[in-house]
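This document starts with one chain, in the form predicted alone, laid out as structure tokens.
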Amino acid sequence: MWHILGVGAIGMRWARKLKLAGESVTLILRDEQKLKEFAEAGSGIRYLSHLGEEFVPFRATSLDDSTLSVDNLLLCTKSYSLIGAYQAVSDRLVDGANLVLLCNGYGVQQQLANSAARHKVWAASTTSGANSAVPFHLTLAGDGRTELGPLSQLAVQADCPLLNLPRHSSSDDIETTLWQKVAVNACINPLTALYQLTNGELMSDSIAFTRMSRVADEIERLAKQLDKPLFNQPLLRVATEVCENTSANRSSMLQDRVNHRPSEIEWITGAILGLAGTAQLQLNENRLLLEEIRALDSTLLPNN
């Protein structure tokens, strides 16, 4: 059985993937109030795609359930909530449990793995897309590929989970996979959020694209300084191809802005700048983007 904590777009997408693969799935909601809202929504998730609409029922419980015992957990929270979510559920995880982290950003996954030595901790990186503006409703976008790899010593010695799911593969170097993904995300997400553009629109907006080119150049310099490999072609070309292949998609950071949620800028651009600090490099365009998105975040009101 798999439990999923974090029933946003990614959590809802993987709930469906697991169920279609014949797995037993239980959603873990924040509290009894959320569990009540789930029941009022029919105790399931409504999915919309080019094929139409479908309703998929799921079992659900909450963190208030004192009898909860978890062997396999997908953590699908925002990067800034990941550590707190793990702490909230850690005493319900059996020793040796599989803990798969599906979140944006870089560094927070390793931070969690360092404090979860009694679990098999895996990181996953995906190119699948989905949009959710209403609780327990999900619009499916492109079904990309997902790579999984071990972050903890127990995971290194174990078989990689979830490889029965379509378009899933194991990675021998998940650290590099996460680094490459955050480099691409840092080129796309802050700019789409700042200028409120879809990925495709980012390519045709001259101001945003010029800034994207500068962001990519700075990250290339950082990668060379730190000897952290990126790609066999320029980062800007890779980011451009991602935008072209997902032209209608709204980045997760843009979705957060539209839905008045805090962004994950600290674990994307902030993580890049943290690495730059160790290398004593000034990444001026990335620094400016960080401050601009922080300013947008600061306008959010509590409970928005």
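Note that residue numbering begins at 1 and tracks the sequence as displayed. What you see is a predicted model, and the numbers here were worked out from it, not measured in a lab.
One more form of this protein should be noted, the form predicted in complex with ketopantoate, which is absent from this view; the next part is about it.
- Each of Asn104, Asn185 and Asn189 places at least one heavy atom within 4.5 Å of ketopantoate in the predicted complex.
- In the predicted complex, at least one heavy atom of Lys181 sits within 4.5 Å of ketopantoate.
- Ketopantoate in the predicted complex comes within 4.5 Å of a heavy atom belonging to Ser252.
- Using a 4.5 angstroms limit between non-hydrogen atoms, Asn199 touches ketopantoate in the predicted complex.
- When contacts are judged by a 4.5 Å heavy atom cut-off, Val242 counts as touching ketopantoate in the predicted complex.
- Stretch 244-252 is the contacting one of 24-32, 41-49, 58-66, 244-252, since its residues have non-hydrogen atoms within 4.5 Å of ketopantoate in the predicted complex.
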